[in-house]
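This document starts with one chain, in the form predicted alone, laid out as structure tokens.
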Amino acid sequence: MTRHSRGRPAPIQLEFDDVLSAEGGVGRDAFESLFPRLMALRDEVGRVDVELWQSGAEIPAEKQPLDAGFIPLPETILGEYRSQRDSSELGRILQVASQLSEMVDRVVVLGIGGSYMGARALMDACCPPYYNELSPGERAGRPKLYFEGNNVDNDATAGLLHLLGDDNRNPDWAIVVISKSGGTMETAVALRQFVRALQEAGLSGSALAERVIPVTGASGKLADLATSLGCPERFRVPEGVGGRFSVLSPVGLLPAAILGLDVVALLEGAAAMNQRFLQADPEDNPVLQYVALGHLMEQLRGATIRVTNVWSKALESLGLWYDQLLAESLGKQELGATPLTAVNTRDLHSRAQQHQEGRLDKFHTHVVVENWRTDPLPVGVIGPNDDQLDALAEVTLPEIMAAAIEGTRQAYRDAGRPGCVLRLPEIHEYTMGQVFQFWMLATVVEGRLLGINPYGQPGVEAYKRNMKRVLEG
């Protein structure tokens, strides 16, 4: 039985565990001595950069690109929706999502990197487990959602096309394609293949066009293709919002709305985190505290690997979203910590040995969920007791998980491997909005602290150029 919260969940909380200890950790004096610098960076990131970006003035060379548009985005979208409702961008997103639910039973999201990872994190976190296996009634009439265009894996693409029924004369699926430029090879190739499948199923003209919903820039290859196809609906990737910072734009909001998720709560959670970031003192500011902990562990303890331990399978894709955010934003000029996501208790049986007794180069963040969405499952009794678990028959899975969390944290503390805890009251759209904005703000502040531009990803462009050269002979 699924249990639903009433109203908005409590704010997420950052707990220090023993990372502030002088032995193995950063020490409270070093932690607090960084506060003045972090306060100055908060003003730079949250106010100066945003005002510079909004003003349309020339951006100084050292700050190009400046993709600060993600910061005020939640408040902007919510404000437009509350004043304009159906004619606002969010209103249109909700309308298109509703239309798709009436039109098709399956939607394929084509995109790579930030164009799909946030949406995938929202689906895995906020939808029931095995969502695509549920009946239409259990999905409240919402479509199944599949993700492609994020690789050039022949068998995976062929498998999804086969599942969709590429010889079906009455296809029950549509495409959401997400690419700011339309020039990313993986997504562009997939779009051709999936549009061709719709054509082979007998769709053409307006019937085909209404099955393709682009999320793209104001101009570019995908915008041009959408015009050529005659797509009646399209959404914009906002200017000044980079791909990995775009989850709270139509990039993430449209797939979330298709799934029937509460996108208003998602944006409200992000707006609440903005307020904490801009107004709270460092002692009560999780963004600034997280930056200080990670930075000092790297500088003082050589912890160049950031391990995000998510204690829920539903949060694995969230961890992978953060991996991209951190890697692309800070992995420059031979700087930046290496991100790694572990899912526990699963990965305690694969990674924990190395984390427990390997090199002292890791800083652990434990992402812990306080309240599960479903009723607790007891171990139970089956008759035979050969596994000797009858003594635990009344113990529930959440109680076992809580014991595993505490046992692991204690083992890491005893081994001089400190960390912190990011505590989520429950998995909910409002909570996810807080977490997304929390990590995006923290990543930008840390980039400024390191003296590098957290926006842009020049290294990614090198492989694209080389791949194009190889293909063109």
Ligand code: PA5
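Residue numbers here begin at 1 and follow the sequence given. Quick caveat: nothing in here was measured; it's all calculated off a predicted structure.
The following text describes the form predicted together with the ligand, which does not appear among the structures shown.
Contact with the ligand in the model of the complex, defined as a heavy atom within 4.5 Å, is made by all three of G113, T184 and E328. In the model of the complex, the ligand stays beyond 4.5 Å of every heavy atom belonging to P74. Using a 4.5 Å cutoff between non-hydrogen atoms, N309 does not count as a contact of the ligand in the model of the complex. Among residues of the shown chain, Q324 is one whose heavy atoms approach the ligand to within 4.5 Å in the model of the complex. In the model of the complex, the ligand sits within 4.5 Å of a heavy atom belonging to K180. For the residues P171, P214, G336, G243, the 4.5 Å heavy atom test against the ligand in the model of the complex is passed only by G243. You can rule out all but one of 311-319, 356-364, 395-403, 114-122: in the model of the complex, only 114-122 has residues with a heavy atom within 4.5 Å of the ligand.
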